[in-house]
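We've got the same protein chain twice here, in two forms, each standing alone as C-alpha cells: structure 1 and structure 2.
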Structure 1
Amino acid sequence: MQDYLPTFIRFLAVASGIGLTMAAVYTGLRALGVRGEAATGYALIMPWVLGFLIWTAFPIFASLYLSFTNYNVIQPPTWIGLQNYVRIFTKDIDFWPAIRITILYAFFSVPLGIAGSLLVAILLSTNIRGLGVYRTIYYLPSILPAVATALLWRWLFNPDAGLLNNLLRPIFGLFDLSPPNWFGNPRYVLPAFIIISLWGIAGSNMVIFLAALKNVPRHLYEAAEIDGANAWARFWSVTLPMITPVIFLQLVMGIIGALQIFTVAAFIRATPAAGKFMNILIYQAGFQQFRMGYASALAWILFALILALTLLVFRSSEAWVYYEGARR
C-alpha cells in the first residue's frame, strides 16, 4: 500500500494539472477573442499536446544531443562530438552483426508474415463453418504475453529436450546428423527468431486482411467473372490490387515493429555472438553499462534505419499501391 499511495496521489495531481491547463487554455483563448468552438477544441487536445511536447518532441532533441555526449546519468553529459558514432562504426564488434540480424530479421519475417496471414485470411473468407473458432485460434498467439511466448519458444527450441528437435531428430537421423542447436549455433538463430515471429504476427494481420477482403466490392468480381476470369485471375486482378493499401499499411507497421524486436530477444539469451538485435544492444549500453550517450547514438542509427526503410516503402508504394479514391 505504501508503494501505491504516492503514485496514486501524484497520478491525481498530474490529472488535475492537465485539467487546469485545459481550463486555462480555454479561458485564455476566449479572452483573446477566439471562437468558442476553436477554444474548446484546443482545450480538449491539450493532454496530447502536453504529452507530445514532454514525451516526444523534447526527448527527440535531447536524444540527438545526448548521442554526441558522454553521459553516465550521474555526472552531467560532456560533449564529445562524433566519437560515439565513430566508435560504433569502427570499433564496436557487436554493431555490424546486430545491424545484420536486425535487417535480415525484418526482411524475412515481415513479407513471410504478410503472405501467410493473407493466405489464411483468404481461406477463412470462403464462408467456412466455425469461422469464429478458427479466427480465435489464429489470433491467440498474438495476444499471449511476449514474455510467455519467448519462454515457450525457448523451451520448444531447446536442443536436447525441446519438442521441435524431438520431432526433427528422426529426420536428421536419416542423414546421420543431429538436429540444430537452435540458439547455440549462430547459423540457426535467425531462422529460429523468424519462426517465432510468424507464429506471433500471423493472427492480428489476418484479422485486418479479413476485414479488407470483405470490403472489396462484389460487383468487381461479378464483372471479372463475366469477362471469363478464373479464380486465379480474379485474385490477381481484383482482390490483390484492391487490398494493396492494407498490404502497404501492414508492410510499414511490420517493418517498424520488426526492427524494434526486444522482449522475445531479451528472454531468449541466444549465443552472445548472434542473438543481439539493435534494441538489445541499446538496452545493454544504456541500462546495464549506463553509457547513455553511446546508447542514444545507437538509437539514432536505428531510427535512421527505420526512417530510411519506411521512406523506401513509401516511395515504392506509388508504383504498386492502388487507391480507389485517388483515381476518381
Structure 2
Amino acid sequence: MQDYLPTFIRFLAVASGIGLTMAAVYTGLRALGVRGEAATGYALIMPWVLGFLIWTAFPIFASLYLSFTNYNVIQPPTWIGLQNYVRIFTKDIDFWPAIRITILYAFFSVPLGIAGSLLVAILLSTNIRGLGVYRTIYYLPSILPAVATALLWRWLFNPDAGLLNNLLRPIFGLFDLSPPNWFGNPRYVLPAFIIISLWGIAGSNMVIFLAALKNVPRHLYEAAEIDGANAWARFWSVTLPMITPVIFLQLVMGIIGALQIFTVAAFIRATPAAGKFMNILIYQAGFQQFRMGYASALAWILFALILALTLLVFRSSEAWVYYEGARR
C-alpha cells in the first residue's frame, strides 16, 4: 500500500486542481454575466481543454521549436536555425528514398483499399443466408493487434518457409525461376507492403461502406429500374454518387493513415536499399540516434506533406462529392 501512496496523493492533487479550475471558470464566467447553463458547459469541458493544451498543443509547438535546434535529449537544445531542414533536403541520403516509397505506398494502397472495401461491402449488403456470420468474419481483422498482424505477414512472406512462396513455388518452377525474396529484394518491398495493406479491406472501412449503402434511398433504385437501368447503370448512376461523401472520408483518412505507416514497417525489417518509410526514419533519428531536433524537422516535413495532400483532396471534393441539399 505504501508503494502506491505517492501515486494516490498525486492523483488526488491533480483531481483537486482540475476541480478548482472548473469552479474558478464557472465563477468567473458567472461574474462576467454568462448564463448559468453556458457557464456550466464551459466549466465541464475544462478537463478536456487542459488535456488538449498539455498533451497535444504543447508537444506540437515544442516539436516545432526543437526542429530548429540541435537537441540530443541529454544536453539542452541549441538554436541552429534552418540547418536541420537544409541538411534533410541536401545531405540526408535516406530522405528522398523515404519520401518516394511513402508516397508510392499511399498512392497505390489507398485506392486499392477503398475499392476493395466497397466491393466487400456490396457483397455483404446482399440478402444471403448466414450474412451475420460473414460480416463478423470480415470485421475480425480490425480487432487484431497490429503487432500480431505484422508478425503474421512476416511469416507469410518468408522467402524460404512462408505460405505465399510455398504456393507460388510450383508456378515459378514452370519458368525455372525462384519465388521472390519479398523483403530482401528492393523490387518486391513496395508490392509486399501494398499487399499487406489490403488486409485493411476487411474491417471498419467495410462497415462504414455497408452503412452508407444501406442509406441510399430505395426510390432512386426503383426510378432507375423503371427507366430500364441495369445493375451496372444503377451502381454507377445511383449508388456511387450517393456514397461519395463516405468515399471522401475514406480517402482523407486513408491518405493520412498510409503516409504514417509505422507498426508493420517496424516489425518487418525490409532491405534498406528499398528506402525507409518516413515514420521509420523519424523514429530512428529520434529514439535510436537521439537527434530529437532532426527528428522533429522530419516530422514537420511529413506533417506538411500530409496537410498538402489533404487540402488537395478537400479542394477537389467540390467536383465529385455529392451532398444532398447542398446548393449547386
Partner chain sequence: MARATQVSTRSRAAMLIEWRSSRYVRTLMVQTLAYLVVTAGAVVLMIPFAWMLSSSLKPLDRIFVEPPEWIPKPIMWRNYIDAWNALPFTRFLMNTLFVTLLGMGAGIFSSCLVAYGFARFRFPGRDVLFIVLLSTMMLPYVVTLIPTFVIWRNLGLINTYDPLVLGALFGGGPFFVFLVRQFMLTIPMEMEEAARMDGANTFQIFIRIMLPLIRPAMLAVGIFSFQGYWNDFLAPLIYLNDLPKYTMTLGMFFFLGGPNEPPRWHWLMAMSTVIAIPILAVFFLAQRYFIEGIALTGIKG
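In this text, the rigid core denotes the largest set of C-alpha atoms whose superposition between the two forms falls within 1.5 Å. Please read these numbers as outputs of a predicted model, since none were measured by experiment. Quick note, the numbers are simply positions in structure 1, starting from 1.
Remark: structure 2 matches the stated condition (the form predicted alone). Relative to the superposed rigid core, A308 undergoes a CA displacement smaller than 2 Å between structure 1 and structure 2. The Cα shift for G36 between structure 1 and structure 2, taken after rigid core superposition, is smaller than 2 angstroms. Once the two forms are overlaid on the core, F8 shows a Cα shift of 5.8 Å between structure 1 and structure 2.
A C-alpha shift of 3.1 Å is found for G17 between structure 1 and structure 2, based on superposition of the rigid core.
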